[in-house]
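The chain that follows stands alone, in the form predicted on its own, written as structure tokens.
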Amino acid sequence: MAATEKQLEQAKRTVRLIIERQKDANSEPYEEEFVVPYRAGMNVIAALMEIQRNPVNARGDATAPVTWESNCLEEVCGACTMVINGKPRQSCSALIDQLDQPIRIKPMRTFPVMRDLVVDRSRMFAALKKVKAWIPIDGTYDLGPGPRMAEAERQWAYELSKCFTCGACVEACPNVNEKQSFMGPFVISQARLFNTHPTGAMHKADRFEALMDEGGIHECGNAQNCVQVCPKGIPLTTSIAAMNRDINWFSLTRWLNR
């Protein structure tokens, strides 16, 4: 069966990528350009896989395959987050047809770069530990059904629970840098989520204390970049405002009760 004109046109198309690379954690970054065959519906991950299959740069020189992370390929794990054309986002949901070329890809430099596009997001998980972002239960036996939540509360709590620690909000926040210790917007929203839970509320004071400590809510500059890049549309600035109010009330009542 003869190929259609559209198929022939697509076969001639290519995708041009300029990738910021780094050999290891201690190496200097450099840029390398690649040209890969175009396929309808392909995403950035598919383009990186083409480079992996044929690791030759745009000059025709053999090179090391680009290193990146991915897992779910459906925007729920956050592993493939990188900076694409200046915006932190998931490469699995970044469609080639919707991106200007050349596509410029960089790692999230807010985090330590391990190699190429792979970064160490340990600081995010350390922040979640600091605010006890979990529901405390005794796992030695079955406690039965948990306490019920009002439907109105459950609905907005569900929106906060969509966070998958991708790091986009941390990368976009100007207050997260080498000179400041701000933990990031995501952790404030998660503290709010678990403070609202009937069982999680038993650690509410601990979470307030953690957010009043170094790297806490007082280091937020209200740039509001976070809410613009969040892939799940989580109302991060609303959570920051709500937690700021709760922490101020907590501080005042604690002072009055001394």
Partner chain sequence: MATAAVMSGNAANRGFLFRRLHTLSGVIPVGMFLLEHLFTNATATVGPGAYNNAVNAIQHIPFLHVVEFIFIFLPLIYHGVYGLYSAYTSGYNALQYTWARNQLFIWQRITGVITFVFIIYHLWATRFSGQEPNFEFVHNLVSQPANFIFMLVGVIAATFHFSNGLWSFFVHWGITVGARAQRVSAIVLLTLFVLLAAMGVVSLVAFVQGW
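Positions refer to the first chain, counted from 1. Everything numeric in this text was worked out from a predicted model, so none of it was measured.
Just so it is clear, the following notes concern the form predicted in complex with the partner chain, a form of the same protein that is not shown.
The closest heavy atom approach of P147 to the partner chain in the model of the complex falls outside 4.5 Å. The partner chain is not drawn, but in the model of the complex it has a heavy atom within 4.5 Å of Q180.
The closest heavy atom approach of T199 to the partner chain in the model of the complex falls outside 4.5 Å.
Using a 4.5 angstroms threshold between heavy atoms, Q228 counts as touching the partner chain in the model of the complex.
Contact check for E171, P174 and C220: all three have a heavy atom within 4.5 Å of the partner chain in the model of the complex.
In plain terms, the part of the chain that comes close to the partner chain in the model of the complex, with a heavy atom within 4.5 Å, is 208 to 216 out of 43 to 51, 208 to 216, 66 to 74, 25 to 33. This chain is displayed alone, yet in the model of the complex one of C92, V131, A79, V83 has a heavy atom within 4.5 Å of the partner chain; that residue is V83. Contacts between stretch 232 to 251 and the partner chain, counted in the model of the complex as any heavy atom lying within 4.5 Å, involve T237, T238, A241, A242, N244, R245, I247, N248, S251, listed in sequence order.
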